[in-house]
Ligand code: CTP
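Below, in structure tokens: the form predicted on its own, a single chain.
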């Protein structure tokens, strides 16, 4: 049985403001309920133009106020609701948060139920700025975003993509699973820390195997999945070392970084961490072969040999399986274009790993360089478990699954 989601049992007030993305709020509310959160909803008057009050009231089984002093209710029961709900909440989430509401919140306005509740809140408040790209990058909005951070609000930045205006730009409300993943990673909510006191080494990104001074064999790995695994391990309490090739994303805060170039470099770095690591997560995209001879200078086109003799690179995962300490857990990764599950299952046995995270690189929505992934977690306890979503969400799900079960090596 998996441990409860970090937001299970949390009391959430979802604030919805008047942007076209308000229609997503109903799905977000349901997803929060599915993971065990107790959700209430408040809306701005403008939000009611995009999403019906009755819809959200039916889902929450609670009233959905928009004005502090509603005309159609007993004022003696409702005028202080923003105070009582603010005291009740473990977190407040404003999604979507329009430019107008962002400006009001950062300057202390309280002219509707959403802004009044935020002003009264004593719990963490998360804002999802959602608007057209020009509005998002406007100087006033940039200033308000920075001011919101200074005031202690948690910002969940918008996605880049197709907007209601028809433009491609930054300003989209992230998908519900992405928002929930960000909430779950907040230190105050991640009570479930199975890796507390553990030392975790994660490998990420591509290796480069040079043939001469400028040319090398490599792959398109961005390192995003490995970095996501490092973040998830960190947020679950671990002390994390990230051994990485060239990354397209920054090294996350709170993680020790060991940069490498080649598979040989990675092998030496892994061996250096061997004695002090409890859990290895081998997500790097390692070149299996390297040129047998490397020229120290750039080889000229004229007179150059047309064949490069290759040799195998050191196999860090195999070495770890063969030299595993009794307390260590080993999680490998496998990327395939065909026969994914059988190949990954065989790899787990051959490399003596506890788990293999398998994903195909044949589709557009998973694999190299994408922000999304779909993986299959293969272990000794039965059929593969599948996870799909942002790489951050997938990483968290994988680690929760692994450390929610007793690891049995087979």
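Source: prediction; values computed, not measured. Residue numbers count along the first chain shown, from 1.
The following text describes the form predicted together with the named molecule, which does not appear among the structures shown.
Heavy atoms, 4.5 Å, the named molecule in the predicted bound form: which of 311-319, 249-257, 229-237, 89-97 makes the cut? Say which one.
-> Only one stretch qualifies here: 311-319.
Non-hydrogen atoms within 4.5 angstroms of the named molecule in the predicted bound form: do 42, 111 and 121 all have one?
-> Not a single listed residue reaches the named molecule in the predicted bound form, so no.
Position in contact with the named molecule when the complex is considered in the predicted bound form, options 336, 178, 265, 169, heavy atoms within 4.5 Å | None of the others qualify; the residue that does is 336.
Select from the listed residues 128, 200, 284, 125 the one whose heavy atoms reach within 4.5 Å of the named molecule in the predicted bound form.
-> That would be 284.
So in the predicted bound form, does residue 159 come within 4.5 Å of the named molecule, heavy atom to heavy atom?
-> Looking in the predicted bound form, residue contacts with the named molecule do not include residue 159, since no heavy atom lies within 4.5 Å.
Using 4.5 Å between non-hydrogen atoms, is residue 352 touching the named molecule in the predicted bound form?
-> Result no; residue 352 lies far from the named molecule in the predicted bound form.
Any chance residue 376 has a heavy atom within 4.5 Å of the named molecule in the predicted bound form?
-> Output for residue 376 is no: heavy atoms all beyond 4.5 Å of the named molecule.
Could you tell me if residue 137 has a non-hydrogen atom within 4.5 Å of the named molecule in the predicted bound form?
-> No, no contact at 4.5 Å.
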